[in-house]
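First comes one chain, alone, set out as structure tokens in the form predicted alone.
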């Protein structure tokens, strides 16, 4: 089906820095697949790693590859086994394509599949006019979801999964790192009833965005110790819940030192190097550390949809919009530090 029909896509053609816009073959779909006409995409840190061709990208990616995994679009066609999807419906896709056969997949815990293949990393992605995915990876958007927000459901899922890893109602919450996911987690924690949400971030522009998204305080960790905010916020001992979004070893150690006894830390940020921690501090404070990767399929998707429908506003995190032909400018904006989430429009 659709063999020989062409499309434009942003491609990592060979090992080395850069991405190129090319005319390529439109993906063919199998009997269980959905072909989606992409309308908007979001640029992720993963895409920037692949563009720059850093050490991680060199290990993870085999060119040629169409990159990208954050998208929204409409159903174009479906395989013969597919039910429940019709042409023109607004959809996004879960970027983790799982095996469906391992212990965790069979138990309904697909987010734990050890054989996951990442869209735009291990298989052709969504920075293209069309993308194909198994029907089990396609999410119907509910009526009323803004299309720009729908394009970034994948990272919003990371934020929701992290922010709700532990109960935050009435709690004092620390978020280390105000990148796009940390910013969205700020809004989620506030929406979920946190008493205070303190964000640490050295970038002044992103501290400003954190305040727009509901932070009680946005602190420059270079200038101010976390303990200095306790009295200002009427905190007796320390933070109840922390979310480490930065991947910075110093930020994680600072969070550990600022936790109350029995505190809980959700760790999403991936450090570039090994991190040494004071295990005695973890033990004596009886802290809980939980690693977060991706989203729960599809409980997180349901939760973020319900929260958006009930008043969660993450629109301020989207700061720049470009046409896909301006992809170099879009990536430059995403790298600048003077941006939140960057959207590319794939309309003709």
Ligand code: NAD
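Positions refer to the first chain, counted from 1. Keep in mind the model is a prediction, meaning the values are calculated, not measured.
Separately, the form predicted in complex with nicotinamide-adenine-dinucleotide exists; it is not shown, and the next lines address it.
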Contact check for 177, 202 and 270 against nicotinamide-adenine-dinucleotide in the model of the complex, heavy atom at 4.5 Å: yes
Tell me, yes or no, whether residue 242 is in contact with nicotinamide-adenine-dinucleotide in the model of the complex, where a contact means a heavy atom of each within 4.5 Å. no
Given that the partner is absent here, does residue 137 sit within 4.5 Å of nicotinamide-adenine-dinucleotide in the model of the complex, heavy atoms only? no
Contact label in the model of the complex: residue 216 to nicotinamide-adenine-dinucleotide, heavy atom within 4.5 Å: no
Although the partner isn't part of this model, could you tell me whether residue 293 comes within 4.5 Å of nicotinamide-adenine-dinucleotide in the model of the complex, counting any heavy atom of the residue? yes
Students should find that, of 118, 238, 247, 79, the residue having a non-hydrogen atom no more than 4.5 angstroms from nicotinamide-adenine-dinucleotide in the model of the complex is 247
Of 187, 198, 265, 251, which one comes within 4.5 Å of nicotinamide-adenine-dinucleotide in the model of the complex, counting heavy atoms only? 251
When nicotinamide-adenine-dinucleotide is placed as it is in the model of the complex, which of 22 to 30, 50 to 58, 293 to 301, 280 to 288 ends up with heavy atoms within 4.5 Å of it? 293 to 301
With the partner left out here, which residues of 210 to 237 have a non-hydrogen atom within 4.5 Å of nicotinamide-adenine-dinucleotide in the model of the complex? 221
